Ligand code: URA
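Only one chain is shown below, in structure tokens, and it's the form predicted alone.
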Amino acid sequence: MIRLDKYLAHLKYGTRKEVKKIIRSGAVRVNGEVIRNDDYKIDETTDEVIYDGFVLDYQEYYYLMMNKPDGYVSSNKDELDPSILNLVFEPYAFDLQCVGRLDVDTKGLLILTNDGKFNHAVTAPKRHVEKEYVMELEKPLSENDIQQLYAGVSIDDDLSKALSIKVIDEASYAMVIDEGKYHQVKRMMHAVNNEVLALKRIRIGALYLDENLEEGEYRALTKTEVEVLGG
């Protein structure tokens, strides 16, 4: 059960003060009955709520997959560069958070949600959720470089290891890690005297970037995708 004013506020029909006025004006119907009490309790899963002629669909948590373009920061606020949330519009204009971060110049799979428990489940270090990146390097990796990356290179006084490295072409590779340290892929390459020229994340856990999403586009995760990733 949820208060009617909180229900409308969650759906971004106004602040709590503004939706109280909407309700008291008689503009909201619950199961066909005009309700003027803003503290009226409804069952958000079964009751039919109509406002401005539209039946409202309540959803507490949202989970989005985005194909992040470069030039955007994985932050809720614009910094030197615009926030990735500038690309998210209705009906997903909620207090979304990035599930992990991608550097401003890194592209690819980014998950957004307002579910803190899910966010923690995916990003908690102890879970060791795999992330796969496609990287274009300044020069090819030698066999010694690859073995060193498997053995681990020093980052933040700890060893960061590659779980797998696959050759795509002369200086492009797919690498899997299970950590989320700051600038980790770039720092791992720097540790073997190489530099990342372009970077794209294509997988988190069992979830791959949807190839149908153009850069800057997003879609809702399916129930199965949410369960597999946050379970």
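The numbering used is simple: start at 1 and walk along the sequence shown. Only a predicted model underlies this, so the values are computations on that prediction, with no experimental measurement involved.
Just so you know, the form predicted in complex with ligand URA exists too; it's not on screen, but the next bit is about it.
Novice: Whether residue 199 contacts ligand URA in the model of the complex should be assessed with a 4.5 Å heavy atom distance threshold; does it?
Specialist: Yes, residue 199 is a contact residue.
Novice: Would you classify residue 118 as touching ligand URA in the model of the complex, given a 4.5 Å non-hydrogen atom cut-off?
Specialist: Result no; residue 118 lies far from ligand URA in the model of the complex.
Novice: Using the partner position in the model of the complex, report whether residue 194 sits within 4.5 Å of ligand URA, counting heavy atoms only.
Specialist: Result no; residue 194 lies far from ligand URA in the model of the complex.
Novice: Considering non-hydrogen atoms and a 4.5 Å limit, does ligand URA approach residue 103 in the model of the complex?
Specialist: Taking the distances in the model of the complex, the answer for residue 103 is yes, it comes within 4.5 Å of ligand URA.
Novice: Does each of 133, 183 and 186 have at least one heavy atom within 4.5 Å of ligand URA in the model of the complex?
Specialist: Affirmative, all three are within 4.5 Å.
Novice: For the chain seen here without its partner, which of 120 to 128, 157 to 165, 135 to 143, 103 to 111 has a heavy atom within 4.5 Å of ligand URA in the model of the complex?
Specialist: After filtering at 4.5 Å, what remains is 103 to 111.
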